[in-house]
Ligand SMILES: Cc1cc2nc3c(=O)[nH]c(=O)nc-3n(C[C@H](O)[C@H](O)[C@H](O)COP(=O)(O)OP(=O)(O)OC[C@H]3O[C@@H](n4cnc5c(N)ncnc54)[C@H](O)[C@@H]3O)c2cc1C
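One chain is shown next in structure tokens, namely the form predicted alone.
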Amino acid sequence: MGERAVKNVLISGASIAGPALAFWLTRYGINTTVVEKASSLRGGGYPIDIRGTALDAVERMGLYPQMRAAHVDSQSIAFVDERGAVIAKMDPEAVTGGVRGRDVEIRRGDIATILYAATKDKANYKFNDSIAALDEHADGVAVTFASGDTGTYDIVIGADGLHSNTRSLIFGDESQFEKYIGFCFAGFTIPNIFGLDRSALAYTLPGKNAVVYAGNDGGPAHAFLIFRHPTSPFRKRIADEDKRKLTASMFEGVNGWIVPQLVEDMRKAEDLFFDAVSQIHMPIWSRGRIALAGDAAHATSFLSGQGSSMALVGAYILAGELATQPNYTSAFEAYEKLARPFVEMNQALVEEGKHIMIPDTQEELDARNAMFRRMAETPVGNVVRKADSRQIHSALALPDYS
């Protein structure tokens, strides 16, 4: 490949995109540092899906067997009414458009652990720190960390999620790029009162959804309260207590199923995770020596089911272009030219996903439930998402950068 212009890279974020990028950069002999504001890896968490082209990226990493061994293998999702009676019980793949026996469903903490284990001896990880300032100059980027440490790098990659600090420092306020899908959600753990094993229960009202899920680890269940809200709460600062109050207010007067208990559990949860259901749409993913990856560049939202897959694919392409292009400018351009059409196709899946999971009106909800009942009666081959969603998951053929 010859002498590389990029030899020293800083990545912000150690969830999925960051460590995946570190994996490939260090394989190509590029010195890599990953800075993460959390004090350690975030363990556990709800399952995410790896499918389509992302499986090819994982196989090229040699990590597919490890991820497959951590496969949760969810068996069913049951949609219930206000009394808890089952309306329809379905295979998860009927809703997600996934491929049973091929796709990987893995807890977010498990994939983070696998990626970290594969890179911790090759990349330099700085936990409990973050980027405070970036000063680009002719020979690199001078970085000041929140800890007071400093360093200079050839390029900096922001892989720090939907609410990317790196993106804000370089491109400005998040509101310029956020495409708010119209929903918020609160996630938290609860005792597994239903004895769920690799299955989920969902109670849906117009514009609202309450979901309880448990995997195969014998641990607590994960609860989610999802609701329509006219504006993204992240357009301004929102305190933790305000997140709880907002969620509770959206479910006020909802007495069906176990919603009152879930609201009470949410109020007391020590592990509450609250966020907007949003995407990031940017006119360009890089500026000078700084580029973005994963959700920081192109969040798809969980309603598309493709965020983690996009992170893995993007990391593979970005690292490959940095290793083979003559300079970082041409690498960033090639990365975006190749990845953007694939990302945008997968972002578009959210429109279908939101109508399936959270219909707007009672009429739409009744029609959805009737469809689910028909599908449950003859389940073989039935998929809620359009037939082309599986093709979209695999629409990109990865280049060979070896």
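Note that the coordinates shown come from a computational prediction; the quantities given were computed from them, not determined experimentally. Note that residue numbering follows the sequence shown and begins at 1.
Not pictured, yet referred to below: the form predicted together with the named molecule.
The named molecule is not drawn, but in the predicted bound form it has a heavy atom within 4.5 Å of Ile48.
At the 4.5 Å threshold, heavy atoms of Glu336 stay clear of the named molecule in the predicted bound form, well away from it.
Proximity of Arg108 to the named molecule in the predicted bound form: non-hydrogen atoms within 4.5 Å are present.
Taking the partner from elsewhere, Thr144 is found to have every heavy atom lying beyond 4.5 Å of the named molecule in the predicted bound form. In summary, the region of this chain contacting the named molecule in the predicted bound form, judged by heavy atoms within 4.5 Å and restricted to 263-271, 85-93, 203-211, 288-296, corresponds to 288-296. Against the named molecule in the predicted bound form, the set Ala14, Asp160 and Asn165 is in full contact: each member has a heavy atom within 4.5 Å. A heavy atom within 4.5 Å of the named molecule in the predicted bound form is found for exactly one of Thr113, Asn124, Thr324, Ser130: Ser130.
With the partner omitted from this view, the residue of Phe177, Phe183, Phe224, Phe79 that lies near the named molecule in the predicted bound form is Phe224 [heavy atom within 4.5 Å]. In the predicted bound form, the residues of 301-336 lying within 4.5 Å of the named molecule by at least one heavy atom are, in order, Phe302, Gly305, Gln306, Gly307, Ser308, Ser309, Ala311.
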